[in-house]
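Presented as structure tokens, the chain that follows is alone, the form predicted alone.
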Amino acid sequence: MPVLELKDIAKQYNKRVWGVQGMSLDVEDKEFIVFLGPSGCGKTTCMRMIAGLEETTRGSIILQGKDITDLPPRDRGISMVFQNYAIWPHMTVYDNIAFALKLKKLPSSEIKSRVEEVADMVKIGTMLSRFPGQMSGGQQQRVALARALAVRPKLFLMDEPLSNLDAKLRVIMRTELKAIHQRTEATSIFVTHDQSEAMSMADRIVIMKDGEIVQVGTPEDVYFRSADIFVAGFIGTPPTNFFYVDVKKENGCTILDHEFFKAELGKEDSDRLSGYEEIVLGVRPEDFILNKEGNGILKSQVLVVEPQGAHQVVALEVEGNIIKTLVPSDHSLRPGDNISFDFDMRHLHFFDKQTEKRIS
């Protein structure tokens, strides 16, 4: 049985604006689920309904078989870490972590044991006598995490907890958060708009748009088998490049025909596109293969080169659109250089032009 069941939950504001529309999801024991989507898609609203901080307009929230839809937050057995940490500035780190345990009237010895255990787990064990004002943002975030973990919740919620940290610390903390999850095996839901965080941390990603779930799947599922154009364009850095192409038959072969290129498909892809005359082709930046001989499928001029260390992002202009590709850094390129690419035909993405859904 799932630890958490969301059954058609929805939230409407002012009887006209839907924050979440009919969301259903099962979260399994020990899973790390990430809600991912652009600002305003409903991911934080959904999490706040789970926590009891927002009332649901309709639907049910079931936690470990118990309907908690109308329970107050304190009775749900859920811990939540907020974007702004929400720790008490006048309390020491020890007292911040111990606060909820004292409200539960646990014995002092157990409180001390739990505080020290979680403090060591998040690497602030030597800072228990400090006040939050004496700590960095990253250390304050660790206090908030320790406080949430100390109560040993049935469900652990995190609402963009890394967004206030600098880029380097975010990368470090997301690795540590994943490691903490693996040690505690706490069922967790993490909200972010950063797809790199989602891809690196999640067991499954819930991609949301306009208050609805667009796709649920592993990081591999949403990246390699994107459900629609929105997902393919949202997941990945740089994002997927899209081309409107005609599907034609030439000499018994299926051809993708574009003003700037022609690509011949193999039998499996030809069968997938049977009956289609026009589609949207998706090609991820890493699936452009540099053709050093200059006779590749797609020929253009370099517009911009963005060095990234191990590779460089090379931007082209094709049919008035900016196309981004990844090229090894050992190949020297400058704006205006002629360049030629083949496609990795194993990893092309096909979408219906009308519905924008993936063609399976």
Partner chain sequence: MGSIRRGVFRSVRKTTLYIVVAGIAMALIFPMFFLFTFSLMSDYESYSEWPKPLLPRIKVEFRLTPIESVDGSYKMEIWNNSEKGFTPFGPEENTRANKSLRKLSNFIRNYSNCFISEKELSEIMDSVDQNGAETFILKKKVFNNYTRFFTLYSGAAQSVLNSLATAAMTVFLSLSIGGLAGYAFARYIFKGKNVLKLSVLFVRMFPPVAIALPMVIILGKIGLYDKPVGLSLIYSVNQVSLSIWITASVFMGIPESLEEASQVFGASKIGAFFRITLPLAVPGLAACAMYSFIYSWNEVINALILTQFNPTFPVVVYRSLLGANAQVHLIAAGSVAQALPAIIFTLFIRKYILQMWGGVKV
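Everything numeric in this text was worked out from a predicted model, so none of it was measured. Positions refer to the first chain, counted from 1.
Omitted here: the form predicted together with the partner chain. The next part is about that form.
The contact with the partner chain in the predicted bound form, taken as any heavy atom within 4.5 Å, belongs to Asn84 out of Ser274, Ser129, Ser113, Asn84. Taking a 4.5 Å heavy atom cutoff to the partner chain in the predicted bound form, the contact residue among Val151, Val283, Ala263, Met173 is Val151. In the predicted bound form, the partner chain lies within 4.5 Å of some heavy atom of Ala100. With a 4.5 Å cutoff on heavy atoms, Trp88 counts as touching the partner chain in the predicted bound form. Among residues of the shown chain, Arg74 is one whose heavy atoms approach the partner chain to within 4.5 Å in the predicted bound form.
The shortest heavy atom separation between Ser79 and the partner chain in the predicted bound form is within 4.5 Å. Only one segment in the set 286 to 294, 141 to 149, 201 to 209, 234 to 242 has residues whose heavy atoms sit within 4.5 Å of the partner chain in the predicted bound form; it is 141 to 149.
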